[in-house]
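Here you get one chain, nothing else, as structure tokens; it is the form predicted alone.
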């Protein structure tokens, strides 16, 4: 503990009240998250939790003291809620996103910031979510399906060498790998692995990633550089050195970071005897004692509108890389005008993918996945996925069954439950969309004679072991 305390002690002189900073670092984090604005709600704007508290700076954000309750579980499983540390939400909040824009998330996994980007674009635009680790992308793919994100494509490049397309991105998020000191309230172990050699390696990578991000953003667009560490070597010093190394004819401005309703501190203009450019004060630091959060650093670099030629004539243009078609499925449960203008692609022999109309990655990218899981093609008759059922099941005009709210935990626990009404074909057993109070919960197999419904909800959803969480709720 003494060694860990000494690691953050080096930052005591950077805050106005060092004791408040040290005390905050020793307390556990509150549970925070945000509401998915693209998923339907029946009533209210937040989970049915009496202890919830709305964030002053984020209209979709909330804090809660009791995350283990049925209302919050329902919002999580149906993709209407994302748990995310409060300070980590800020980097996406700095982007003035507009419908139809193209965004690159260079270091995307586990995917909460990608989800923020996607939902803020609505059903429009495109997010390229890149991460060097294919295993970590698996977690991101689960988030995509749970939230119903059809405008995300994933890639697995080393962010330092991400292919630069001819049609550049409107925004690039470079939330880079770092020493993670600001997460110590949730993961105390991060302080024990801090060492000088590791920091030097991280800094080299951070500089390379930020430089690549600036090459990928269009003139007039912005790069958001962020870390969850206090270390000036990984924050202001990285930004300062990248600005110093810009090639001739390439310029960018460091914009002021302002988040109304959230307390921040300006970036440092010097550290350990090194003087940085005075514009570093436009960066922002979020210290844990200021807003009861983790630690975070933010910088916004806007590329000069003046054109910069980087051998762009040698780079390929955007064009549609995957064979897609309009809705070929026989969706007898829906009216055609209920369905948004998505496309679909048979990305593998197992699943069809549901893809946003504007989600068209550059042809040169090796896409790992695009859109969300649509239909399961393994059987003779294509079946809805749980992801598709929870995304559009509330619109179904037939092939649905309604259950009581007191049956929802049993349903998610893969048990057979009674249904109170249905509108489905007359066969003795038929797959239907399961609804409760107008919300779609997933899929089930209906038995009209017994008026019962067999749950087909996944055992693991969004990385959550469902039975284990339900047991925790019922034990409290």
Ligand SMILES: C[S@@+](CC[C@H](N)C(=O)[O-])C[C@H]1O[C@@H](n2cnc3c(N)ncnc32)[C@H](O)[C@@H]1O
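Note that the coordinates shown come from a computational prediction; the quantities given were computed from them, not determined experimentally. Residue numbers count along the first chain shown, from 1.
This protein has a second form, the form predicted together with the named molecule, left out of what is shown; the following refers to that one.
Contact annotation: the named molecule lies within 4.5 Å of heavy atoms from the stretch 174-182 in the predicted complex, the single such stretch among 272-280, 233-241, 145-153, 174-182. In the predicted complex, no heavy atom of residue 193 sits within 4.5 Å of the named molecule.
For the chain shown alone, residue 376 is not a contact residue for the named molecule in the predicted complex, no non-hydrogen atom being within 4.5 angstroms. Contact annotation for residue 346: none of its heavy atoms lies within 4.5 Å of the named molecule in the predicted complex. Taking the partner from elsewhere, residue 303 is found to have every heavy atom lying beyond 4.5 Å of the named molecule in the predicted complex. Screening 204, 136, 186, 383 for any heavy atom within 4.5 Å of the named molecule in the predicted complex leaves a single hit, 136. Just one of 351, 76, 157, 250 comes within 4.5 Å of the named molecule in the predicted complex, counting any heavy atom, and that one is 157.
Scanning 121-139 for heavy atoms within 4.5 Å of the named molecule in the predicted complex gives 130, 131, 132, 133, 136 in sequence order.
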